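One chain comes next, on its own, written out as structure tokens in the form predicted on its own.
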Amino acid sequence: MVPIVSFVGKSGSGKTTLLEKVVAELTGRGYKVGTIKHDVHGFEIDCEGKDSWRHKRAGAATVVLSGPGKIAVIKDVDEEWDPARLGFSFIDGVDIIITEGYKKAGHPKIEVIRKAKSTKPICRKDKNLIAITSDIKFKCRDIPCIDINDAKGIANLIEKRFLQKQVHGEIADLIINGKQITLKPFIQGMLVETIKGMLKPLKGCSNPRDIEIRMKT
């Protein structure tokens, strides 16, 4: 499963700037990185008057913008999606997903603290907190505290914990009702081989590399 790491912290703490630098650092090392931006206040990307805005205003539940080099999706949802579900549905071919926000989600977190905005961690008791990055020197016994300007050091931490140990092979992800279900290696292998065996006789499915099955019951 693609690892997910969240940069969290108070507004104005510098999450976006730091994330930019870390993504550039990891990309420079040859990794493919996907990102997710969390906005609790909502957002709009289809500007008034544009075709996508007109499609949405007409009542379309999902609007897809497609061009030679990129696509975008505007989709109505009944509830906010977890990063794992977003990654499964929209992000493929990456080694890691880095999110900005999602401090309440159950994924590894790096908290960004800038003394101009705050002097106390907001996720210190969160078992998923793996590091603090700040311009304040915190005394942390169980997790590293990295300088907020040390993007290379933060990238080193992410690489060591989530990228160097990856075993590239056949992997199956299972998302049920929007929640990611952890599969043991034996179950993953059995699931992959069963599905591949069923698809092999079908035309155009003799050598599948990426299989996606969606079911509604």
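Please read all numbers here as calculations on a predicted model, not as lab measurements. A residue's number is simply how far along the shown sequence it sits, counting from 1.
Below, we refer to the form predicted in complex with another copy of the chain, which is not included among the displayed structures.
K50 is the sole member of R29, K50, K152, K160 with a non-hydrogen atom lying within 4.5 angstroms of another copy of the chain in the predicted complex. Within 4.5 Å of any heavy atom of another copy of the chain in the predicted complex lies no heavy atom of D135. Residue contact with another copy of the chain in the predicted complex: S11 places no heavy atom within 4.5 Å of it.
For the chain shown alone, E100 is a contact residue for another copy of the chain in the predicted complex, at least one non-hydrogen atom being within 4.5 angstroms. Proximity of Q164 to another copy of the chain in the predicted complex falls outside the 4.5 Å heavy atom cutoff.
Contacts between 23 to 40 and another copy of the chain, taken as any heavy atom within 4.5 Å in the predicted complex, involve V23, A24, T27, K32, V33, G34, T35, I36, K37, H38, D39, V40.
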